[in-house]
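Before any questions on how it binds or moves, here is one chain, the form predicted alone, in structure tokens.
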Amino acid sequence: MRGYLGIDVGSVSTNIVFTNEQMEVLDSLYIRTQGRPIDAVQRGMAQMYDKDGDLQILGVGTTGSGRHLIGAMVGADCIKNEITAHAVAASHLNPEVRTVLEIGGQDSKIILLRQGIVVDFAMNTVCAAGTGSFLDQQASRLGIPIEKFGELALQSQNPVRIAGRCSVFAESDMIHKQQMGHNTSDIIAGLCAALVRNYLNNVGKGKNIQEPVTFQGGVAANVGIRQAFEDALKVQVIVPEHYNVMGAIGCALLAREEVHNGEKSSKFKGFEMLDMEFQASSFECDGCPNHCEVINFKQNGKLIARWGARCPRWEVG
């Protein structure tokens, strides 16, 4: 099978998609990073190769917090930030989209598009309230599978008000409401509303949110959060089919563009890369007052990439 590979490496999850030449998703993986992005990508690509057989990769792109690391590891044709990747994926699936709400495992962002062009965006910078890891933590504390979290929220008849400006305060307020005797569904619905309030007041503050609105990222699986967004914004919120791997789809699209629809040769190292050993290390440069943290990346003991410096001193040829 011929197609394009997109890899989105985040702190919580690693998402890999394989598309055909028409950019239809043929396979996708959503796996836990567990603090080992190199291992996660190797495991994920091995699973995909074993499942789908001989794949001919025409181009590969990476995004996410580990994009530079994994880009050097696999031989990426393009390495893009999450804003660009999510915007490209959203506008590819719905050219009319004007607002993208994205909430992942550790961060959240809002992207405003006009005629397919990003005109504004914002990311959470301080608080992780409302992100996937926080919701996982609360579901675990309540003894509820995270998959059932949103369904319980929709069963609520009288949602309680939860303080959602901070994850610590939100958890304390939930415990207080439990001690007052409120039922679990009302508390969960209140939490969903609080987290949406927090998102709109911090990440979406001052933004001109217009329809169509699409909701992406792992948290989009939570129907309670989706309903809370619709209640707060008074608009329909669209959750795409591949909501949890949209960043990976976006960088697969960008990779196709980079290699001009397969006319240029890809830098992809091939699936032989699965048997290679990779190692990352860092050092602090003392050449100037910036004291840059420079990352060394080695493949089978050989230095293949270096990044983090603000000047060309440590560039690898």
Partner chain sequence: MGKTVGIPRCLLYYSYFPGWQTFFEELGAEVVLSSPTNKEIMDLGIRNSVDEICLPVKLFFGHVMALKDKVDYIFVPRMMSVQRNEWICPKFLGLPDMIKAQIRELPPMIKPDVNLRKSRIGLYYAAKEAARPFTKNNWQIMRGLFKAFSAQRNFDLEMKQGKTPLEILELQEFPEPEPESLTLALLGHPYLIYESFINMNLISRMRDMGVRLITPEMMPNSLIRKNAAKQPKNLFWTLNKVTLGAANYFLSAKTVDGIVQLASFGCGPDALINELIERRARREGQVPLLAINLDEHTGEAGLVTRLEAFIDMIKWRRVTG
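Given the structure is predicted, the values throughout are model-derived calculations rather than measurements. Throughout, rigid core stands for the largest set of C-alpha atoms superposing within 1.5 Å between the two forms. Numbering follows the first chain given and starts at 1.
Beyond what is shown, the protein has a form predicted together with its partner chain; the following relates to that form.
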item: Listed residue that, although its partner chain is not shown, lies within 4.5 Å of it in the predicted bound form (heavy atoms), from Leu154, Ile144, Met123, Cys166; value: Met123
item: Contact residue in the predicted bound form, from Val223, Ala232, Val118, Ile209 (heavy atom within 4.5 Å of its partner chain); value: Val118
item: Candidate stretches 186 to 194, 170 to 178, 82 to 90, 214 to 222, one within 4.5 Å of its partner chain in the predicted bound form by heavy atom; value: 82 to 90
item: Contact of Pro289 with its partner chain in the predicted bound form (heavy atom, 4.5 Å); value: yes
item: Contact flag, Glu293 vs its partner chain in the predicted bound form, heavy atom cut 4.5 Å; value: yes
item: Close approach of Arg161 to its partner chain in the predicted bound form, 4.5 Å, heavy atom; value: no
item: Arg256, heavy atom within 4.5 angstroms of its partner chain in the predicted bound form; value: no
item: CA of Glu284, rigid core aligned, shift of 2 Å or more between the shown form and the other one; value: yes
